[in-house]
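Taking the form predicted on its own, here's one chain by itself in structure tokens.
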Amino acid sequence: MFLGGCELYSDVPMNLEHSQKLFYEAQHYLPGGVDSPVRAFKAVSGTPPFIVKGKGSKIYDEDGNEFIDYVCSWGPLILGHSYPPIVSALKQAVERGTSYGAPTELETTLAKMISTAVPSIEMIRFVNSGTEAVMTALRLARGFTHRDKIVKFAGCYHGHADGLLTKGGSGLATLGIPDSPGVPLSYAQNTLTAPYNDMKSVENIFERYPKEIAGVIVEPVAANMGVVPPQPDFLPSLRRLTNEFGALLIFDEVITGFRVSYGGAQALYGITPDITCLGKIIGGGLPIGAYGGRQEIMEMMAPVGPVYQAGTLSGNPLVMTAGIETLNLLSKPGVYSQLEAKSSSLEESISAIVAEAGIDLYVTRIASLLTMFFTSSPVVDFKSAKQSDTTLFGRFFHHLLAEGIYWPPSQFEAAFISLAHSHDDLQATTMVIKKALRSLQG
């Protein structure tokens, strides 16, 4: 099925002629013309720009359009596109070889850096994606506890592994897919789902299955149903409850790790999980995932222990190089305060516009993650997030796109601010948002 045309919800003209031709051709060879569903713009309609390069805070498409980028490759590019020190380090690394299938010192170096930044991670295993990290973390939790059931939260997306596509957020919410065909009932029946921020429901699950739950997996800041912060008692209560029942607490920090603070959400909120899943930023823009935790848990993994996982390209030298360079830069004094200043400035400007416009919008932000929900009600979980007017969001999105702002093409995704975003970028974005909201009132 072809997703088709270039209908826009904006009165601002935009040239996407070449992208439209490329999108049409791509649909002959790639399902939906893309390699990840949200890129197809199905939730907002229209043609996705085909990107040819990125530099700093900007991306450029095949039609010569320039965009201020708030997708940032869905989070990894906290330093912006083509950051010169990373590019330079990668050029040198490529000359030494792209893959060895053998150990390198680079793996140990990056592992040390992450362990120092995130004290709950005494040992770590690098993989190639967030999905792979989470999938193995759950296998590890089951192997360590000798239990089968996992508790997750509606609207939290932990990758596309079987058993975790039950009431997932992100692309599932974007495309309106509640669960995924192809997942056997036997896989999904060991996944128990509770509303995010609802401790009573979690307590009820533990009371029903007191000795069957291997672990609770949670995004400490939900960022795949839009940005939804944890209520003050939510994470501490999860830590208390898992300790009480002998289950493991697993933090999915694929998005929040090294973004909300250098030590991730667990440092921001002062909670120590048993296992942490990482990705995105620790690869400096290259594909990566990782899971880590206490030594006694991690030594359950082969070749030391009986829980098996392997990967030909795990610990790839190019990825390790980019990750080391990125963390070296992020560890410098003042980096996160600078990022917070940029992010809070944008949030304050948007909030002022919303108040002036009198439109139904609920703005949430944690550090450099931000979402504008098209609803008048507070968003605290997936149910309240789904009250958003997605049609209105689609019109808003296309107005921004036509004015050179590349916002995430889904109501249920986070916008990312990077260190590359300048004062002029933020000011230009604010003006376009103001104009877009005014157009929605007409």
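Every value quoted in this text rests on a predicted model; they were computed, and no experiment measured them. Residue positions are given as counts along the sequence shown, with the first one as 1.
Keep in mind that the form predicted in complex with a small molecule is not shown, yet the notes after this line are about it.
- Among G257, G293, G323, G130, the residue placing a heavy atom within 4.5 Å of the small molecule in the predicted complex is G130.
- Of the candidates V38, V379, L401, I417, V38 is the one whose heavy atoms come within 4.5 Å of the small molecule in the predicted complex; the others do not.
- Although the partner is absent here, K280 is a contact residue: one of its heavy atoms lies within 4.5 angstroms of the small molecule in the predicted complex.
- A residue is said to contact a partner when one of its heavy atoms sits within 4.5 Å of a partner heavy atom; E219 meets this definition for the small molecule in the predicted complex.
- With a 4.5 Å cutoff on heavy atoms, F153 does not count as touching the small molecule in the predicted complex; it lies far away.
- Mapping the unseen interface onto this chain, E413 counts among the residues with a heavy atom inside 4.5 Å of the small molecule in the predicted complex.
- Stretch 248-256 is the answer when you ask which of 192-200, 248-256, 265-273, 96-104 has residues with heavy atoms within 4.5 Å of the small molecule in the predicted complex.
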